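Next comes just one chain, in structure tokens: the form predicted alone.
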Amino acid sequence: MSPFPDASPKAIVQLIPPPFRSPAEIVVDHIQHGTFQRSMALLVCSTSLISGMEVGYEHYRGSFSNPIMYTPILLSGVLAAAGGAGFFSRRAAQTVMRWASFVTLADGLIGFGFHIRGIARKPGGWRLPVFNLVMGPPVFAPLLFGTSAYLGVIASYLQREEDHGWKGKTIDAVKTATTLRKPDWREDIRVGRFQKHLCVVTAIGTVCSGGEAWYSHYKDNFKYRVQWSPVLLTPILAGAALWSLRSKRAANTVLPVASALAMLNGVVGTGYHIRGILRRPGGRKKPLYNTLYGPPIFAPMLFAACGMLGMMAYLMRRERS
């Protein structure tokens, strides 16, 4: 017998007070049947703007020494616009947003290669791995930049909110009953069955974001104890996501708890980073300068985004075998 009680999304919804239970049931039902394309498109739009600003001032610190450093800033704007268009238009979501997301993902992979090259070109190269990882370009940042693009790809294959109900459930029933061919991953996304897929992405993103937090806080010599929190939460969330690949019970119990902690940690971390900016010489009198050269204001939200992916995985149904 499992040591964990049943904490599936539908079971949790029943614990919500009656006035709020019905809206929560509707939200969960939409998510579990993949009918939330408009909402996801808005999320893509907002996260693209945030990641674009984060990359913008990081590359500003590097004086845009290479013209390719402009590409993520431009693409974040394109993807944000595509996400906005995807909210209003089904066709835009399935074409413009999808291809803008794929191009942005490719840019993130290319940027990852450039950051690795930047570290290798520092004095000592990979013979001084810890020092050059800490003092060189943030190696995982381009991969984390691709988070909003990944969400854009997923959103492009979802159904619209207005497809929910009879139409959405009929599509799901037909796909599930089909035995003539193996279910396609795009069909699984369309009907909200991609829990394992999201667990893998959550684990990878958490390791990358936790690594970023480690060497960013290492530069500050872990001045505050709270700076250890994302580092310590990284193996917890990544482990919970990987455990959920094999265990549905873990996906319904351990994963949402770990994800909620990561999201809370990201919010608290953002508060600390804002406080760190305000405490710099000049404080509010030099907001632009202190934002550029103070603690990265949006970095904790990238860790929270990993928690959001884990929470989304918790709400999803598992793939068809």
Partner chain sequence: MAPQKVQTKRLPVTDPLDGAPIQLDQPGYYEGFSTLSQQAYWDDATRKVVLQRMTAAHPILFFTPAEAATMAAVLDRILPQEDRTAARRIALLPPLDDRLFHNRIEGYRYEDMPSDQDAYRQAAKAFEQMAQTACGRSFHELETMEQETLLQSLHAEKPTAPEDAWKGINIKRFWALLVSDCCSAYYAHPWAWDEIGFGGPAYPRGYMRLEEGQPEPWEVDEQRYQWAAPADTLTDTPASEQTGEKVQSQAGQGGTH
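Positions refer to the first chain, counted from 1. What you see is a predicted model, and the numbers here were worked out from it, not measured in a lab.
Omitted here: the form predicted in complex with the partner chain. The next part is about that form.
- In plain terms, the part of the chain that comes close to the partner chain in the predicted bound form, with a heavy atom within 4.5 Å, is 219-227 out of 101-109, 219-227, 205-213, 188-196.
- Taken together, the three residues H33, P235 and A250 lack any non-hydrogen atom within 4.5 angstroms of the partner chain in the predicted bound form.
- Comment: the partner chain is not present in this chain, but in the predicted bound form one of G165, G113, G77, G124 has a heavy atom within 4.5 Å of it, namely G124.
- A single residue from the set A85, V134, I73, L245 has any heavy atom within 4.5 angstroms of the partner chain in the predicted bound form; that residue is V134.
- Taking the partner from the other structure, the partner chain in the predicted bound form has no heavy atom within 4.5 Å of any heavy atom of R38.
- In the predicted bound form, the partner chain sits within 4.5 Å of a heavy atom belonging to L128.
- Heavy atoms of H273 never reach within 4.5 Å of the partner chain in the predicted bound form, leaving it off the interface.
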